[in-house]
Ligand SMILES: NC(=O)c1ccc[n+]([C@@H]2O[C@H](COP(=O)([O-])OP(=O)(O)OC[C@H]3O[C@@H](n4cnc5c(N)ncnc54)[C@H](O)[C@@H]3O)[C@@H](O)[C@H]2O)c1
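So this first bit is one chain, no partners, the form predicted on its own, shown in structure tokens.
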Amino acid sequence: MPRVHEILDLEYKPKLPKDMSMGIGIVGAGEIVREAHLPAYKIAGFNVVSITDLDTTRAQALSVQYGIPRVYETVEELVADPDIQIVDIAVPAEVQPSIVELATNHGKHVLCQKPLADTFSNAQSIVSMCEQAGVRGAVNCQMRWAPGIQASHTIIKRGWLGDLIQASFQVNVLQRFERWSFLRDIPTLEVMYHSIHYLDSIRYLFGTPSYIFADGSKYPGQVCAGETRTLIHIAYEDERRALIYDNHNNWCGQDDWYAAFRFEGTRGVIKGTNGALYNYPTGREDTMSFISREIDEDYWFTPRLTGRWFPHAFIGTMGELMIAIEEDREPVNSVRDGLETLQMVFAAYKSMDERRAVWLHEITG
């Protein structure tokens, strides 16, 4: 039987590279950079040396706030900076491939924003660019490093859940997607830009599934063109199953909101909450409890987790890329790995359109 300190030490905090001096150049100065990337990098002590944005005044404001030495007017100038080893991209999906091309042509490693691209073929081109240039490419699907998800990963790796059976994410909150102008008119909204995190986390914990059956819908009178409510059924060849229920139109007060996850196995169960969504963007810490027949089938352990999805998990995505560069290996969140998450995303949309279960192997580009 594990000792108590082993049970409560779940190794969920992001790991840091040995070399903290790697220069990072950021493309994009929007809300996600302001509220997540830069606060996370400041906490970690990463070396951000430059930033650029189409709105130079926004980039300049962040350079002052976070002490970033250089502001460039163009991406071309930024990727040519010899002090940059990693280009951190935080732009809409449709323009990401062109920026990756510029960065990899200059031999820079890249941390790509999620979704990796707006089409599967464009995502494949990003993978090819990185591999042909001999650089490391990663995707910023950072929920893997949210405290509750990473702690769950440790529990699963230790075998305390036994054979995996069921995963679920259930979310019922109010999220006004129209606050981001680039999201207002796109037809693929909720899964592409939100539930992609749950799809990726399920892959990370349970493995890549075989097929998906999904349904998406709007809310009467909503501003955005795309879906804001989704139900996604995920199935494997064996007995594993997963479910995502996601509604972003809960107009009731926050006391009625919930954002929960649950992972079940033959020997144990994990249940918890995703604190980031309870009063976004402020957020609160994740919570989780777990029970395991491998330890004590009558007792629920409730470790106290510190840190949040926003911003702390962003240390994990960048940190993993930096460690992979040091160790000359593919990062866990590599762009090639990200193709399987995108297969799930596009399978969900194909399922919505055709009202049938869609096998992941049908998504080929």
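Note that the coordinates shown come from a computational prediction; the quantities given were computed from them, not determined experimentally. Start at 1 and count along the sequence shown; that's the residue number.
Missing here is the form predicted together with the named molecule; even so, the following discussion is about that form.
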- Output flag, 185, 191 and 349 jointly within 4.5 Å of the named molecule in the model of the complex, heavy atom basis: no
- Of 297-305, 41-49, 23-31, 318-326, which is the one stretch near the named molecule in the model of the complex, taking non-hydrogen atoms within 4.5 angstroms as near? 23-31
- Would you please decide whether residue 107 lies within 4.5 angstroms of the named molecule in the model of the complex, comparing each non-hydrogen atom pair? no
- Message: So in the model of the complex, is the named molecule close enough to residue 58 to count as touching (4.5 Å, heavy atoms)?
- Response: yes
- Item | in the model of the complex, residue 91 touching the named molecule (heavy atom, 4.5 Å) | yes
- Task: Using a 4.5 Å heavy atom cut-off, state whether residue 54 contacts the named molecule in the model of the complex.
- Result: yes
- Item | in the model of the complex, the residue from 292, 230, 142, 150 that sits within 4.5 Å of the named molecule by heavy atoms | 142
- Message: Please tell me which of 275, 115, 272, 209 lies within 4.5 Å of the named molecule in the model of the complex, judged by heavy atoms.
- Response: 115
- Of the residues spanning 303-330, the ones with some heavy atom within 4.5 Å of the named molecule in the model of the complex are 310, 314
